[in-house]
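Starting off, we have a lone chain in the form predicted alone, written out as structure tokens.
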Amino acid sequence: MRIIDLRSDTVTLPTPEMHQAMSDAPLGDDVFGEDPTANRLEALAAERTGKPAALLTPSGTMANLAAILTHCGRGDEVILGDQSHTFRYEAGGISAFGGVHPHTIKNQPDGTMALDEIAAAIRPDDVHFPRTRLICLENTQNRCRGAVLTPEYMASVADLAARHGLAVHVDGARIFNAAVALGCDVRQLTQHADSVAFCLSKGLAAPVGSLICGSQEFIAGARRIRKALGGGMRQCGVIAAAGIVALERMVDRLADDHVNARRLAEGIAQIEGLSVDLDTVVTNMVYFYLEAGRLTGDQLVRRLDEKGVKCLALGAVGFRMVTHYGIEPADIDTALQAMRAVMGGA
């Protein structure tokens, strides 16, 4: 039985071209700055995001952690959304390893934080308070159903930050999804940020890796933090080779994932006992909900799994499905067929 895994776009497997590139990659010691493939990937990432420099890290969590610790010292404060990945899903690393204080603001349904609330969260110069140093944005915003932040909003936050002498970091794990959804160059979403991190291992389908992009000085500092965190990889060109293919071959095809997500959402909307807000399906994420009293959430997940369809439960009645490389329109139809059968009692 073919397994249709819609839990996350992190389950993607590398393309055949990635396998070949990894096998053929010229290698060197990256801690010495001598891995030619890693250097090529970093230069490509910097060019794509419009930044002077970039740094390869093993994961998005390390990328965000290294970036924030480069911007902030111990006792400093970062403003970020209460639904942000850094706040909810990165093990409290900014506090545990950097002594950085998180100041959370409510994420609006569209993924933004209200500008007046950001402004109100900026601390005055007072010995009683931590120093506000940084504003973090997430684009796309995972917990807000894959919401996209527009260039105009990003520019507004950057303008607010500049007026107060603050930096802006963007957790852009899926920022290429945002650019494709908006039909814009990704540099329109990164140009106002002091730093941006993005993942190779989600919709771009590389097996591992994330990039931090910023100024030469910033990346030099982040490289030191990466080393301290244990992220100094040696012959990491094996990883970087797949990342190069990801950036050169896999960005435009993200549009297919968005089409498949819409196809999936529209199908779910027609299934009795399930609900989905179609207006929120703008990238590759579909959040849907189970009508109370029909099944338990655990039953729905288990019965779908028995039919070869995997989804992620978010609480008792909420669920997420994410489209990605390896999921075709026929798989969407098969998943919907399984969902109809389960909701019909089969």
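Residue numbers run from 1 along the displayed sequence. Every value quoted in this text rests on a predicted model; they were computed, and no experiment measured them.
The next section is about a form of this same protein that is not shown, the form predicted in complex with a small molecule.
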| property | result |
| --- | --- |
| Option from 296-304, 43-51, 30-38, 58-66 whose residues, in the predicted complex, bring a heavy atom within 4.5 Å of the small molecule | 58-66 |
| Joint contact, 87, 167 and 169 to the small molecule in the predicted complex, by non-hydrogen atom at 4.5 Å | no |
| Contact label in the predicted complex: residue 20 to the small molecule, heavy atom within 4.5 Å | no |
| Exercise: residue 337 in contact with the small molecule in the predicted complex, heavy atom 4.5 Å | no |
| Non-hydrogen atom contact residue 80 with the small molecule in the predicted complex at 4.5 angstroms | no |
| Proximity of residue 202 to the small molecule in the predicted complex, heavy atoms at 4.5 Å | yes |
| Residue (of 245, 173, 149, 239) lying close to the small molecule in the predicted complex, criterion heavy atoms within 4.5 Å | 173 |
| Selected contact from 112, 260, 142, 132, since only one has a non-hydrogen atom within 4.5 angstroms of the small molecule in the predicted complex | 142 |
